[in-house]
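The chain below stands alone and is given as structure tokens, in the form predicted on its own.
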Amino acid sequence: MNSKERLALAHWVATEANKNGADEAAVNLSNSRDVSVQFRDRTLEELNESVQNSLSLSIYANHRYSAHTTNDLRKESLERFISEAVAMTKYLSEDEFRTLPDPKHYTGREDIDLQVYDEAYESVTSDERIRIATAIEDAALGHSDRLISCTTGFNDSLYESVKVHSNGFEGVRRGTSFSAGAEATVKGDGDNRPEDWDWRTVRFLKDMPAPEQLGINAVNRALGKLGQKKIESGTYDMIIENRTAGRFIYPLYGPMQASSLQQKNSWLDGKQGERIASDKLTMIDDPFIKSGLGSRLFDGDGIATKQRTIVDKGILKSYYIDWYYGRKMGLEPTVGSSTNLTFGLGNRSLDEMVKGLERGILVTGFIGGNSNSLTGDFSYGIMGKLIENGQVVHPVNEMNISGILVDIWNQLEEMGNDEWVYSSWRRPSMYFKDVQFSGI
């Protein structure tokens, strides 16, 4: 079934839902293909392929709402599926805020090629997938005698979907992604078995780093943990490596979402227009980055996406407001979730920031922990490296940082220039001053 046929079927489903008594209906029809291979210690452990066709139907009837999904796309089956969906919806409680978006929010959609589909996808064979995973493993196994276990893999995905609303929305998406990498475990002193990984995700296969680089990086990162130890508690400057920083950003992002705000579970409630971080923090939601992993022309509500500044030099400018919660709060929708989240960049690389660090800790990973979305209190375990006079002294682990998010984000001293492009959150490394660490 091609996109034209999917659109025709989606419109037919929406029309049938209306005939059966729905006031409004939203239909998503999707096809996806996912293939993955995984090697572990020279053995092909997994080779999986999943192909799915699915249809999801949202019913709005007499101020009641329900959602339904099926994989049976035959019209004779869908007729019963639709009639039962509408009939069941009538048993639900009324919710006056459940409607399709006002069609005015569908307008203004950009007509640009986001370049999220790789024409080379169709030519990727199983032999090529195995060759890449094997090359990663060969590089890892040949890099250190301390390596005791290595898992490598390669995954690729293709998705095609159409979205139709009975009040006039119609949209099509098609994209690809490729992931590859390794996890390595090395022998340390005694029972110590440090492990680490290097995985990357890209839209175009040509943008994937060389397999050998991924294997060697994973081993080097694990070797870099040999001799880990806890150090004395104290105040240290802290640099968070770019690939790790996403974990630290989420407690800032989650409370920006409408569901948290409406449910009074956000430390950012009522803070729009106020300072929530140092002037080094600028966050922009940009749905139009070419080949971006979060690029899209419309959101899950069908609302046309736009580039928006979320935080400007530390000042909170905007929230993530979807249609439903926007109606509950009396606010205009923006977008329900992040697209590509970009950050204002600094002038120095991670290496340059480390070399300029007199005494501090480079955080390369978080271990557990949590944050309170209402109060902003947080506590995370960390692993990383003690830095003195710009040099690595030794790796550290089992340390802990805790505090209040608004305080530590105001301690942000510098953003790196090393944007992590292997995620829709394209964060750089971040330098914080005077962070309290708990250790010995």
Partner chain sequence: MTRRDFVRVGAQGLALAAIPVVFRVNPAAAFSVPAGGDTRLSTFLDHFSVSETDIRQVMGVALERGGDFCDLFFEHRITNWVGLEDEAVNQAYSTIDLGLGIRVLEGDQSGFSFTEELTLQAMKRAARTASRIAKETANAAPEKLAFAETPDYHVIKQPWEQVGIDQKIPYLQKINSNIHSLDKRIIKSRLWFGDQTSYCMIATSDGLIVCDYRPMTQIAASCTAEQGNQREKNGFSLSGRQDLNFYSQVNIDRIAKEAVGRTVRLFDAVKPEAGEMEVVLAAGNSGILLHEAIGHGMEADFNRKGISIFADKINKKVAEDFVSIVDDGTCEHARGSLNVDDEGNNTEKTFLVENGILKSYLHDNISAKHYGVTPTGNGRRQSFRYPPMPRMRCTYMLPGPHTKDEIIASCKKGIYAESFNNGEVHIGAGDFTFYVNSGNLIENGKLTAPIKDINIIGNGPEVLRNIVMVGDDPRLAEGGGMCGKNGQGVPTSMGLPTAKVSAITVGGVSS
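All values derive from a computational prediction rather than experimental measurement. Rigid core here is just the name for the largest C-alpha set that superposes within 1.5 Å across the two forms. Residue numbers count along the first chain shown, from 1.
If you look for the form predicted in complex with the partner chain, you will not find it shown, but the lines that follow are about it.
Q: Only one of R308, K163, R98, R296 has a non-hydrogen atom within 4.5 angstroms of the partner chain in the predicted complex; which is it?
A: By the 4.5 Å criterion, the partner-contacting residue is R98.
Q: Just give me the single entry in R193, R174, R359, R146 that has a non-hydrogen atom within 4.5 angstroms of the partner chain in the predicted complex.
A: Filtering the options by heavy-atom distance leaves R193.
Q: Mark W197 yes when one of its heavy atoms lies within 4.5 Å of a heavy atom of the partner chain in the predicted complex, and no otherwise.
A: Output for W197 is yes: heavy atoms within 4.5 Å of the partner chain.
Q: Considering non-hydrogen atoms and a 4.5 Å limit, does the partner chain approach G330 in the predicted complex?
A: No, G330 stays farther than 4.5 Å from the partner chain in the predicted complex.
Q: Taking heavy atoms and a 4.5 Å cut-off, does D377 contact the partner chain in the predicted complex?
A: It does: once the partner chain is placed as it appears in the predicted complex, D377 has a heavy atom within 4.5 Å of it.
Q: Can you tell me if A61 lies within 4.5 angstroms of the partner chain in the predicted complex, counting non-hydrogen atoms only?
A: Although the partner chain is absent here, A61 would stay clear of it in the predicted complex, with no heavy atoms inside 4.5 Å.
Q: For this chain shown on its own, do L29, G344 and S349 all sit within 4.5 Å of the partner chain in the predicted complex, going by heavy atoms?
A: Result no, not one residue of the spot touches the partner chain.
Q: Where does the partner chain sit in the predicted complex: which of 312-320, 349-357, 224-232, 110-118, heavy atoms within 4.5 Å?
A: So the stretch in question is 224-232.
Q: For the stretch 304-327, I need every residue with any heavy atom inside 4.5 Å of the partner chain in the predicted complex, listed N to C.
A: In sequence order, Y324, Y325 come within 4.5 Å of the partner.
Q: After core superposition, I'd like to know whether L226 moves between this form and the one not shown (criterion: C-alpha shift of 2 angstroms or more).
A: No, shifts by less than 2 Å.
Q: Is V116 among the residues whose Cα moves by 2 Å or more between this form and the one not shown after superposition of the rigid core?
A: Moves: no, less than 2 Å.
Q: Does superposing the core leave T89 with a CA shift of 2 Å or more between this form and the one not shown?
A: After core superposition, the displacement of the T89 C-alpha between this form and the one not shown reaches the 2 Å mark, so yes.
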